[in-house]
Every structure is written in C-alpha cells, then in structure tokens.
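As structure tokens, one chain now follows by itself in the form predicted alone.
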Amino acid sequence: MVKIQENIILAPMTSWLVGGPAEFFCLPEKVEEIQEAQSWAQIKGLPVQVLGGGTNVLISDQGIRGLTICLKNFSGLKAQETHERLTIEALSGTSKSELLKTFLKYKLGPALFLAGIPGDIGGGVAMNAGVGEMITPREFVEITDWIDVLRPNGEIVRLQKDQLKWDYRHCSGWQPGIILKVGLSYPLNPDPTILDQVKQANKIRLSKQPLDMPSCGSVFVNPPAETGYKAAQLIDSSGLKGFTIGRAQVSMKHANFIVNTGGATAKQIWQVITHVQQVVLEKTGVQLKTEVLRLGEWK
C-alpha cells in the first residue's frame, strides 16, 4: 500500500532547491502504487501533479495543492541485445545517468548526448530533452520506441513513437496521463572512443556551465536555427550576466543558466526569468521562450 504523507517540503527534490510544500505527497516504487495513489486522489477530489527528476520545474513558494506523486523511487531498467540493436525498457523515474551508464557499457553514441542533460527518463521523453551540439543522436525522439501511459481511468496504454508528436523540447500526444515506462533502442555499432568523448564533453561543460550551483540547466530554448541566435548569446549581449534579484542570479559563467546563490525563492527566480525576457525583447526584438514548467499555486 502506498504511503500518503502531508505537508512535505518539495525544495530538496528540485535542482533549483526552491519550492513550498506538497499538500499531499507519495513516493511510489511500483505501478500498482501509482494507480492506487491516483485513485485515492480521484476519490478525494484532488488534483494530481507528477514530479520527476525536478530539473526543469519551478515549484511555487506556496507549494502544490492536491497530491504530488514523486517518481524518484520508481526506477530501474533492463537492457538486452535484440536483432543487432540494444533494446532497453526503463521505468520513467529512472535517472538519465543510469541510461547513460547502460549506453556507455555497450559503447554506443547516445551516451554522448545523455551526458549533457539531467533529470529522469520520463521527463526526457515529455520534453524531448536533448543538447545543442550537432551530434547524432541529440534528442530523445531518436532513441525512443514506445511509452506506457497510465490514463486517469486506470487503464495503461502503450503508444508507439509515431503516435506521438515530437517537437523541439516538447513531446505531446500522450496526455492525459502519467508516463510509466519507456522503450528505447539503438543500433549495436560500438564506438571505442565514446568514453573519451563523454569525458571530454563533461570537462568542457564543467568549464562553461555553473554545475556547482543549484540551477535547472538551460532556462530558455534557443530561437529557431535559421535566426542564427543562441539564447545565451542574446542574454549576454543584452548585458544581463550577473543580473540579480534577491538570491537568484543570471550566471556569470553561462548566461542561459539562472542560479540559486543560496536561499533564493521561486518568486525571485521567476522575476529574473521575466526580466531577462523583457530586456532581450527590448534590445534584440527576440522573444525568448522558457523550458521551465511552473508548478503549484502562483498568484
């Protein structure tokens, strides 16, 4: 039986380390526990919010009303060689780092792009997570075969890749529901240099990104490629590096990161985000769009 807790602070479960309490909260480990939690909320007439790796979300200081289902303990994957492909079945709460280790074990290309993105596999599908570097593969759409989704009525459906709509940093066509399991695969064409490539990529990211401070990774999506603009360049050229409200700051190291310098609030982070959008629009004419999903009660 799944344990439902009350008034659980969510800040430690997010990469920004901000956010208020969940009115009700659970940490399921099995599919049946997720189904049970969903049914419990429906009987109580409560909204349900799913929280994955907490890397691309900004949770309100007021917290989240209803039931928050956190999937960080709903993890595990199985890998096997099938018809000259590596096939993987992973529970949605499995961290991308575990998926990375599996591809590294087989010396396969997806390890390189996975090294650049945090969070869990379910979130990777939901936002078609990827990297800006021109490598192959570089997004989840290229390695995903199918997903299992728990519908609000308790039914579990399997949706194939071509039944979903894949866009830049977004995947739709599976809602409403909760992503439970993801099927992935990649051709078994080992690259003996992949480990060195991953190490080098991590070294470069460490030198260019503020990975030692709480953040959500890149805050804004890059404008369409044909514009020739990158979000970080637009923010930097607008003189916004180091811009601070309270304890929330545009990183001095990478302008597309907003960091929590210690004790920031969700409100302060959102104020920095909206200020950056306003200034960049005024100075460059480009409307930056955010990758960040705001959760909870915002007033």
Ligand SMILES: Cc1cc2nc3c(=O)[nH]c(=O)nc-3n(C[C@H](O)[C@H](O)[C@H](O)COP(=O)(O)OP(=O)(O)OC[C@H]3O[C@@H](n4cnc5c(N)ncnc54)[C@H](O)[C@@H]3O)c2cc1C
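Numbering starts at 1 and runs along the sequence shown. None of these values were measured; they are calculated from a predicted model.
Unshown form predicted in complex with this ligand; subsequent notes refer to it.
Taking the partner from elsewhere, W270 is found to have every heavy atom lying beyond 4.5 Å of this ligand in the model of the complex.
Although the partner is absent here, T284 lies well away from this ligand in the model of the complex, with no heavy atom inside 4.5 Å. At a distance threshold of 4.5 angstroms between non-hydrogen atoms, Q49 is in contact with this ligand in the model of the complex.
When contacts are judged by a 4.5 Å heavy atom cut-off, P137 does not count as touching this ligand in the model of the complex.
Here the chain stands by itself, but in the model of the complex one stretch of 224-232, 192-200, 99-107, 124-132, 124-132, has heavy atoms within 4.5 Å of this ligand. The putative spot formed by H83, D145 and S185 is not touched by this ligand in the model of the complex; no residue has a non-hydrogen atom within 4.5 angstroms of it. Proximity to this ligand in the model of the complex, taken as a non-hydrogen atom within 4.5 angstroms, holds for one residue of L112, C171, I178, I88, which is I178. Taking this ligand as it sits in the model of the complex, the stretch 41-80 comes within 4.5 angstroms of it through a non-hydrogen atom at Q49, V50, L51, G52, G53, G54, T55, N56, V57, L71.
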